[in-house]
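Starting off, we have a lone chain in the form predicted on its own, written out as structure tokens.
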């Protein structure tokens, strides 16, 4: 099988890179061994929430200039402030073209409300999810927090505790339906995806709206867990039209409705552009010639190779097994690429879970064009994008989605310019 570009990994970076290349007329394939980490998304896409020293960032673009000085190996520093600034409008447009309606400003972070009620700075948030412009104020003074009876992946009391710190009065309500009773018989089935399927049915959505109207009396807003719209895109809009009080969604613990919907939307967009998506397949080996990758062999296709002019490694980090930790080193398992890590394993992590962990900055070694380096030499037609890159802390710095989006566009730009 011959393509212009083969992308290994179907997460946010792989999908966005594939969409950008396909939009430009390239024949692309994505090989993905399973569902990606985007399934655990909170409904927001972070750009830069904190500097490496922990300083909170208000204006990500302005902070990137300083980031280049103090962390020159950070992916943003490698791509350059100019490239990032110029392409930060392109990334949300790619999301919107896939049907993911997002809002946000790359010059000023807003705050999304986490599943535990905390406020976290972010760049883009899917419409319908609760956000606020200030970390010191919520956009209401009295709210009703509603949960499904027996649903354990949403914590109204924890959320209310954080809201009360902002002076917000919180009421509570619970919802039950015969269709919910059926899935409640098995506790392992009481998950957001299964509950959302219940509310895909028009009659259940009508009952839900009536119960919300009853419980929300006297409140300025209603907070619901993200349990709406897994099988139909209009469910939340229909629900809002039946309720007079403003409705907001909060993400739940995984599996994540916004993450699953985003993954589905990106896949659909990629395929609609002519891209070929091979889910459930694993790259086993590669053939090389004159410093270039010539073809790949996968588990599902046996001796039928994937040939391409360019290849993109977007397999992610440890979570998706794009990186593997052995007792003494970090391994990139597909190509055996060089990796960046600290030789002393004792320095890989601390025992304090929420500390800045060194291993999070480990990743694939690249040159300044994000070409993968193997045995000290950049591979001419193999690039790396996304979470597998070295030099950044996606959690502490709040930049994981931003690095994935911008590095995907950076790599696509290099391929399209014929580097």
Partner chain sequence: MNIQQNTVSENNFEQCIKCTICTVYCPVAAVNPDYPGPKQAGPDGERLRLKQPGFFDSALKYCLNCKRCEVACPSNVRIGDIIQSARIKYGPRKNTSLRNFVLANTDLVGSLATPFAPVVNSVVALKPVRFMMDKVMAIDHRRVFPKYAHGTFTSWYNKHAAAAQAAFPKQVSYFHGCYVNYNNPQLGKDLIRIMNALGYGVRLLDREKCCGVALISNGLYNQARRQAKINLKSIREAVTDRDLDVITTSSTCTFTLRDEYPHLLELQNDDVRDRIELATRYLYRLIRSGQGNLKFKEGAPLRVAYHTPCHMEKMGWANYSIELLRMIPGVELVVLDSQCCGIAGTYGFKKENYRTSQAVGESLFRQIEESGADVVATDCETCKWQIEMSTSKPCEHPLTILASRLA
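This is a predicted model, so every value here is computed, not measured. Numbering follows the first chain given and starts at 1.
Beyond what is shown, the protein has a form predicted in complex with its partner chain; the following relates to that form.
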**Study point:** Sole residue of 271, 142, 108, 118 within 4.5 Å of its partner chain in the predicted complex, by heavy atom
**Key:** 271
Study note, to complete from the structure: Among 301, 87, 211, 240, just one has a heavy atom within 4.5 Å of its partner chain in the predicted complex, namely 301
Check your understanding: Heavy atoms within 4.5 Å of its partner chain in the predicted complex: which stretch among 100-108, 125-133, 203-211, 257-265?
Key -> 257-265
Exercise for review: Could you confirm whether residue 164 comes within 4.5 Å of its partner chain in the predicted complex, counting heavy atoms only?
Suggested key: no
Practice item. Find out whether any non-hydrogen atom of residue 80 is located within 4.5 angstroms of its partner chain in the predicted complex, and reply yes or no. Key: no
Exercise for review: Considering only heavy atoms, tell me if residue 289 and its partner chain come within 4.5 Å of each other in the predicted complex.
Suggested key: no
Practice item. Using the partner position in the predicted complex, report whether residue 34 sits within 4.5 Å of its partner chain, counting heavy atoms only. Key: yes
**Study point:** Heavy atom within 4.5 Å of its partner chain in the predicted complex - qualifying residues of 193-221
**Key:** 193, 194, 197
